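Take a look at this single chain in structure tokens; it is the form predicted alone.
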């Protein structure tokens, strides 16, 4: 008897089928990976298991007993715990308050026992080596820190099924290794770990078996040891994904954008048609620099050889600088608004006359750009929150393209995106470079940076420490420079 058995599970929404007769069988003690392209149904399946969504048809059995969760609390009480891809932590509350929200220890008078709350949180964090302060306000933590809060909350209950949805997307290498150590320590016959990730290297590192979904249907379940990565990619997207060869670097052109840096090199330069990659560990200062270039923090720079001071994102847009944030949920999307409104939000002046948006023009422009990006959505009027992570990222790219950027600053452009959508995003970035757009690429995925960039700038502790050009960059040297262990790095 399987520890978790799913039979004929289906979930339909108006105009769309997210799951279509999915079967899945998983055993206690295993790490079972669930993979597939964006829109394959992975997140919907996890939400059904976590009690967030009710299935349209099908049956779920846990340890041989049929279960149906009407609420997330009911799923939690049955031992199903989930770490979501997008953080749901409450920013105004402390780490301890978030971890035990709704399950706080109380006094005999029914009041929250704050001393016990913080003591239990400290024991939990120490047990799993999570570097968090129980009293810290979550809203002041980094994105990676907030993800650790989510993981701690999931570990705080006596789980029988632990669902990890893209748990390493914002974690540093050290935090990822710690998470894998935690998972190894959790293995046991009474716990099933369902692991969802687009990072195939970690799937092959940590998973015992892999179930592949495509277009809401199960493709196969196979032992990880019996599968090659190339075969898995083909099962996920239905076709081969080719290797990327970077464009030849633009020669002889003057810098389009120049900015001062701390460290070596002392100045950032990027030319039209060039992709400048930024590498470094979490907290190295890459995102801070990217936000400065987008006008979110004041910065002096030179555009076309002329000094410019950016005081706001509006200033940056006026000079043709467009920024794609690493945190699409909190900073990139208007969650309750439509796909179309999200795609055109930054380009409304060009779609308006006398301050009034021309709706027909807006719709034509938005539809054309999203069709170019192969967006999958039931309607442009649908709320953007209904889309998969990859399609939400395409909406953000569509918004950027409607602004006609001269300089595009991309911070983690493929976070939470499947290999097929990554392929499309890589094609888009290379095509923009061919058209003369200068691209600043910030990514935690070294393979991504090395595959796309003409030059790679490595940062550590807020300063530039090494620049690699052409084919001299490799994963080992970039990582050593990021850790301060490469001879010659600043």
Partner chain sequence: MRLTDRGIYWVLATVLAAAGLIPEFRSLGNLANVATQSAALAVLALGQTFVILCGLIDLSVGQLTGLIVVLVCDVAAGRDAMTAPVLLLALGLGAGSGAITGLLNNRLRIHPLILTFGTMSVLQGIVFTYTDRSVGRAPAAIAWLADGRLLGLPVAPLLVLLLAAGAHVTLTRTRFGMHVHAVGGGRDNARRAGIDTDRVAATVFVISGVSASIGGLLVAGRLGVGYPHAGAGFELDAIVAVVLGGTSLTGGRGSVAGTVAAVLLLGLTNNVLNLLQISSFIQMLVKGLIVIGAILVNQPGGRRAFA
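Numbering follows the first chain given and starts at 1. Quick caveat, the model's predicted, so the values are computed rather than measured. We call the rigid core whatever largest set of C-alpha positions still superposes within 1.5 Å between the two forms.
FYI, the form predicted in complex with the partner chain isn't displayed, but the following is about it.
**Student:** Does the 4.5 Å heavy atom contact test between residue 362 and the partner chain in the predicted bound form come out positive?
**Tutor:** The answer is no: residue 362 has no heavy atom within 4.5 Å of the partner chain.
**Student:** Does the partner chain get within 4.5 angstroms of any non-hydrogen atom of residue 307 in the predicted bound form?
**Tutor:** Residue 307 lies outside the contact set for the partner chain.
**Student:** Is there a heavy atom of residue 196 lying 4.5 Å or less from a heavy atom of the partner chain in the predicted bound form?
**Tutor:** Residue 196 lies outside the contact set for the partner chain.
**Student:** Just checking whether residue 101 would be counted as a contact of the partner chain in the predicted bound form - the rule being heavy atoms within 4.5 angstroms.
**Tutor:** Within the cut-off, so yes.
**Student:** Among 73, 378, 187, 311, which has any heavy atom within 4.5 Å of the partner chain in the predicted bound form?
**Tutor:** Checked against the cut-off, the match is 73.
**Student:** Out of 260, 114, 385, 177, which one falls within 4.5 Å of the partner chain in the predicted bound form, going by heavy atoms?
**Tutor:** Spelling it out, the residue with a heavy atom inside the cut-off is 114.
**Student:** Run the contact test on 88, 106 and 153 with a 4.5 Å heavy atom cut-off to the partner chain in the predicted bound form and return yes or no.
**Tutor:** Result yes, every residue of the spot touches the partner chain.
**Student:** Just one stretch in 92-100, 322-330, 364-372, 224-232 has heavy atoms within 4.5 Å of the partner chain in the predicted bound form, so which one is it?
**Tutor:** In short, 92-100.
**Student:** Using the arrangement in the predicted bound form, list in sequence order the residues of 325-347 with any heavy atom within 4.5 angstroms of the partner chain.
**Tutor:** Counting only heavy atoms within 4.5 Å of the partner chain in the predicted bound form, no residue of 325-347 makes contact.
**Student:** Rigid core aligned, does the Cα position of residue 360 differ by 2 Å or more between this form and the one not shown?
**Tutor:** Residue 360: C-alpha displaced by less than 2 Å between this form and the one not shown.
**Student:** Kindly check if the Cα atom of residue 74 is displaced 2 angstroms or more between this form and the one not shown relative to the superposed rigid core.
**Tutor:** True for residue 74: a C-alpha shift of 2 Å or more.
**Student:** Is residue 258 displaced by at least 2 Å at its C-alpha between this form and the one not shown when the rigid core is overlaid?
**Tutor:** After core superposition, the displacement of the residue 258 C-alpha between this form and the one not shown stays below 2 Å, so no.
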